[in-house]
Structures are given as structure tokens and as C-alpha cells.
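Just one chain follows, in the form predicted alone, and it is written as C-alpha cells.
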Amino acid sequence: MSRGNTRQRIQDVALKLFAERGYEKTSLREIAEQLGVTKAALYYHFKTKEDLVTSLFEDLVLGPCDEVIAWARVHRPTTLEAKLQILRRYSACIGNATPLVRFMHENQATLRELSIGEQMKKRIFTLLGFLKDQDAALTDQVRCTSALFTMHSTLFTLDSSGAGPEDKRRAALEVAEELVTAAHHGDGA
């Protein structure tokens, strides 16, 4: 198996175990056992659990999120359509990382302690800065903030709805677009 495939397999198993047991209760030894490899083989790819979590974020969320931010910096979203495009792009980004988004919400205390948590937080605030106007009424600022968090939380809070991940992502995007549209039109003034 190539290094890239092994790395991906480690990430997949680790994310599954982190989701089932939590970050703190999952050891590198358990990940290695689940994979059927030695700890040395695992350490070749990731020296610590933090390295492993960081790689998950970099591969699944941070890189794609940085692409959304780069797009926004180029297009300077002052129009409603540009703001909605940011939401659509970000929705696709996190839609491809649903298990990691769940991990983020279920391990918030851990993420506050890891450097990757601060990096993700900075990106969310950067995106929020593109969505809300500086002089927006407080209710419109709340709408923009709620738009981003709706897209995050809906991916895992509606498990009992029977809807699939893509249906939940689309529904959350629709609500987020409504919130940003209302904020853009100044409905909270």
C-alpha cells in the first residue's frame, strides 16, 4: 500500500474512533490496532494524535476553506449574490467533511486546546467578516453568524430526521441563504 493510501486509511480509522469514543479516550495504540499495523508504522505517518487531527483538518476543511476565503478576497463580496456564493462554496467544503464537522462540535473543549482549533476559528471569523456588513444592525449580524452555524450543526443534529447528509446540507444551505438575504436587505434595522 502506498504512503498516501496508508495515510488516508489512518485518517479514516482515527476519525471513526474519535467520533465513537472522543479524542481524549482514543489512543494511537488503539488506532494502530484497529488498522492492524504496529505503532511504529503509525508513528511513521503521525507522531502524535494532534498531528493526526491537524492532518484531518488540513486535508478536509482548512484547505478547501482557504479556497473559499481566497475566492472571497478576489471577488470582494458586497453584493448579495457574492455572499450567497460564499455560502454555497463553504457548504460544499463542509459537506465533504461531515464526520469532521461532527468531531468539531463533539470535541470543542479539546479543540480549544489544540492549535488547529484556533486556526479553524480564525477561518470562520474571516468568512463571517465577508458575509456581514460592518455597520449592520445587531440582528443582521446574528443572522449572518447563524447562517454559518446552521450549516455546521444541521449536518449532525438532525440524525433522527431520516434525511441523508446531502439533503441536510442542502436544507441548511437554503436556510443560511435566507438568513444572509434578510441581513443583506437590512431586515433587522
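In this text, rigid core is short for the largest set of C-alphas that superpose within 1.5 Å between two forms. One rule holds for the numbers: they count along the sequence shown, beginning at 1. Just so you know, these numbers come straight off a predicted model, no measurement behind them.
Only in words, not in the display: the form predicted together with a further copy of the same chain, which the text now covers.
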Even though a further copy of the same chain is not shown here, does residue 149 get within 4.5 Å of it in the model of the complex, heavy atoms only?
yes
Residue-level question: is residue 108 within 4.5 Å of a further copy of the same chain in the model of the complex, judged on heavy atoms?
yes
Does a further copy of the same chain come within 4.5 Å of any heavy atom of residue 48 in the model of the complex?
no
At the 4.5 Å heavy atom threshold, is residue 89 in contact with a further copy of the same chain in the model of the complex?
no
Along 139-154, which positions have a non-hydrogen atom within 4.5 Å of a further copy of the same chain in the model of the complex?
139, 141, 142, 143, 145, 146, 149, 150, 153, 154
Core-superposed C-alpha of residue 170 shifting 2 Å or more between the shown form and the other one
no
For residue 26, is the CA shift between the shown form and the other one at least 2 Å following rigid-core superposition?
yes
